[in-house]
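Single chain ahead, by itself, as structure tokens, in the form predicted alone.
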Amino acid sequence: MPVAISILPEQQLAALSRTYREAVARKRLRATVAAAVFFAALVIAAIGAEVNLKTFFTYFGNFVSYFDRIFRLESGARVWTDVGEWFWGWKKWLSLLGETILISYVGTLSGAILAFGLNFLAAKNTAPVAWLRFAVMRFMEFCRTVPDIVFALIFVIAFGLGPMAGVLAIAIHCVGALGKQYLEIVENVDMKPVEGVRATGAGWMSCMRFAVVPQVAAGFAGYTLLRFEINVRGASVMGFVGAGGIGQELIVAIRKFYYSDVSAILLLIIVTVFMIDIGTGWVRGRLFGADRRR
């Protein structure tokens, strides 16, 4: 069946083409101006922060030579030529690494429990009263604004060296970080189930339990697993200030110039983080379905 195709007059086509070219030109101009402003802001920020590219390129060789040194044994041979010598302290390091994972686990779980309880009080659509929402929001902002390593320093002074400081630091930071992520999930839930539960005469707690939690449980679990993975790395750094774990051994090796020990410990941390990443990815896949697996 033949189809008739209407052809616009040349004047209309020319006008449409001209309008299109002008729109494209305006879009390109805006993109160019935005890129120029971004680059100018980057340069100004670098100058203000005293970032000197000359210094970077002058001393970049020191960075490369350090990594070359940590992959050599005391004899000068490459570390992989004698793995036994390279990982001479593997039993001690694995024990400390296990302590790091446990610090992260306990801190993440404790922070997640507190964040779970607080986020419903801070979300716009579930907060029972405005003043309580304001107070909880400010508290969570404080928890996530102060770096966890600063909390670790404070708790080391208060409770002494050891894992307790690391657990408390991670837990408090998790309250702020996970609380914010949980809150954003809750604020985007469908409120119709809440209205339905409330229509039965149920109270606030019942509305949260039966109408909101079922909608957000999967998202909460996903963010918690991701935060656990992040906290394993954070717990490794907290050892630098005496908050327990493998970080304490790593900072000793760095300060005493035990170069091969530095690379061995770093490799153990990297492999552990890889394994946790794969494991949490598998768990997320099991929780959310095969289409969410990595």
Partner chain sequence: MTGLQSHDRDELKARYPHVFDRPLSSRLAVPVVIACAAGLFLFGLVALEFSPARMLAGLSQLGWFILLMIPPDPGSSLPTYLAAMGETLSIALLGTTLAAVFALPVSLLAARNIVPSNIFRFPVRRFLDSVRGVDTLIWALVWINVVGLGPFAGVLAIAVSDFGSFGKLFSEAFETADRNQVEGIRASGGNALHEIRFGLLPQVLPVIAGQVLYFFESNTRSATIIGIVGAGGIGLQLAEQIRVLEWQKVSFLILMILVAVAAIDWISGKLRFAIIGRRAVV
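Residue numbers count along the first chain shown, from 1. Since the structure is predicted, the reported quantities are computational estimates derived from the model, not experimental observations.
Keep in mind that the form predicted in complex with the partner chain is not shown, yet the notes after this line are about it.
- With a 4.5 Å cutoff on heavy atoms, residue 163 counts as touching the partner chain in the predicted complex.
- In the predicted complex, the partner chain stays beyond 4.5 Å of every heavy atom belonging to residue 72.
- Put simply, residue 82 is far from the partner chain in the predicted complex: not one heavy atom of it is within 4.5 Å.
- The partner chain is not drawn, but in the predicted complex it has no heavy atom within 4.5 Å of residue 33.
- Just one of 189, 146, 114, 94 comes within 4.5 Å of the partner chain in the predicted complex, counting any heavy atom, and that one is 146.
- Taking a 4.5 Å heavy atom cutoff to the partner chain in the predicted complex, the contact residue among 77, 205, 157, 129 is 157.
- In sequence order, 38, 41, 42, 45, 46, 48, 49, 50, 51, 52 are the residues of 26-55 having a heavy atom within 4.5 Å of the partner chain in the predicted complex; the partner itself is omitted from this view.
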